[in-house]
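One chain follows as structure tokens, the form predicted on its own.
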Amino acid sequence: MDFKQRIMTAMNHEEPDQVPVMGLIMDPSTVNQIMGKEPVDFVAMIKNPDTKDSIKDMMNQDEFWNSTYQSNWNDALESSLKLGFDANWTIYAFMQLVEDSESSLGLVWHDVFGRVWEMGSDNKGNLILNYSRPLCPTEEAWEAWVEEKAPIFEKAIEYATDFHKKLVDDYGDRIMPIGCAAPGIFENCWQPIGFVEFTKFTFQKPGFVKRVIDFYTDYYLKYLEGVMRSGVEVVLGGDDLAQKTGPMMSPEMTEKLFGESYRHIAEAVHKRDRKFIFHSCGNIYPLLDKFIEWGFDGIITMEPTAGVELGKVREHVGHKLVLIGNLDVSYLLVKGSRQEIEDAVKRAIKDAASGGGYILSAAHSHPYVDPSRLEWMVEAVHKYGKYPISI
């Protein structure tokens, strides 16, 4: 089997020749190490008065942003290929640099949805971005933002479609790009407003909350169509619905507010004969039945540091969901020994791979995931993941 047949066979809950392995490679630190490139210290250039303004001007030109972003993801897929992955997620983002007195750097990124992203760097100078705060904490601020940014919303769909199409065209004969339509509806609704304010508004201003959810649902479905037009066969959507102790909202409230939106997403993907994978960090046990009810084909992450055990998830969902992930990124793929990684791979295959429907991957990505350990992970899958499973 080739990489595509392997992935799609597993997605259909059938046994391929071996357990597929999916990369979540995206961080500049990981990519630069694999590609043998020196990091570009973007934060240092922002701190330098001689380069700060020119960096801001260049990055805020759509053509420059898109070409730079595309190049970074080309390197991510090249990195994934080098390590032997069958697939890798691909995620488009559109941001602009904005002056901000609250930031120590004086500049922050604003995304199209109304979030502030702060910049930092790892110990090698690679760029790190983190969601920092909302830009639309009131009903009036949100309405004004949506009206002002209307042209950018449409451009972002066009750019995302082109981004994914280029990756499919350039790499689709060697590795499977998994088109990621992100961020998802839940995160798009609360992060521009702030979680405290958003949850208050669900009780104090339910009409406003419904408008927000309806807006982002409609937009997400358009965005999703753009990603699918690129030619990707598997779509990954993401919403962190849980934290380490459990769901951020009760399953009942999540269903009430977002259930129909998620059903529409699954229906839209299936109408185009694609598969839909849902990403959520955190302890997702209470939401497993909802994922099935909403019509998702698979789930990714199953965060071990949130107490999620792959075998328990498989026991609960059977083959109603394809399972992807579960290899720890807090210790195992950062500092773990080769033997520890091999043992974890064997355990994951034993717990979830029988009958197909399992794709092994890291639970997530971050700048300190070690490329050598990712390579050990892939090698262990190739060693122990051949069907029929005999572990």
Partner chain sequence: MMSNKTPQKLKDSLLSLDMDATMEQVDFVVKGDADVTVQEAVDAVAEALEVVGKRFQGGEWFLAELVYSGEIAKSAMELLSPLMSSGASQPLGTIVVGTVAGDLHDLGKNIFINYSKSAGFEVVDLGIDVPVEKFVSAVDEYKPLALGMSCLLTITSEEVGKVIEGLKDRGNRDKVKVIVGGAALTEEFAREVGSDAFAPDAITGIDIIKKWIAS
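These numbers come from a predicted model, not from an experiment. Positions refer to the first chain, counted from 1.
Another form exists, predicted together with the partner chain; not displayed. Remarks below refer to it.
Quick one: which of 326 to 334, 350 to 358, 66 to 74, 32 to 40 gets within 4.5 Å of the partner chain in the model of the complex, going by heavy atoms?
Answer to the contact question: 326 to 334.
Go through 152, 292, 253, 105 and name the one with a heavy atom inside 4.5 Å of the partner chain in the model of the complex.
By the 4.5 Å criterion, the partner-contacting residue is 253.
Scan 244, 210, 124, 174 and let me know which has any heavy atom within 4.5 Å of the partner chain in the model of the complex.
Selected residue: 244.
Taking the shortest heavy atom distance, is residue 200 within 4.5 Å of the partner chain in the model of the complex?
Within the cut-off, so yes.
Answer for residue 118 alone: is it within 4.5 Å of the partner chain in the model of the complex, judged on heavy atom distances?
Taking the distances in the model of the complex, the answer for residue 118 is yes, it comes within 4.5 Å of the partner chain.
Can you work out whether residue 249 and the partner chain are in contact in the model of the complex, taking contact to mean some heavy atom pair no more than 4.5 Å apart?
Contact check for residue 249: yes, within 4.5 Å of the partner chain in the model of the complex.
Should residue 144 be classed as touching the partner chain in the model of the complex when contacts are defined as heavy atoms within 4.5 Å?
Result no; residue 144 lies far from the partner chain in the model of the complex.
Need the contact residues for 123 to 159: heavy atom within 4.5 Å of the partner chain in the model of the complex, sequence order, or none if there are none.
Heavy-atom contacts to the partner chain in the model of the complex: 128, 130, 131, 132.
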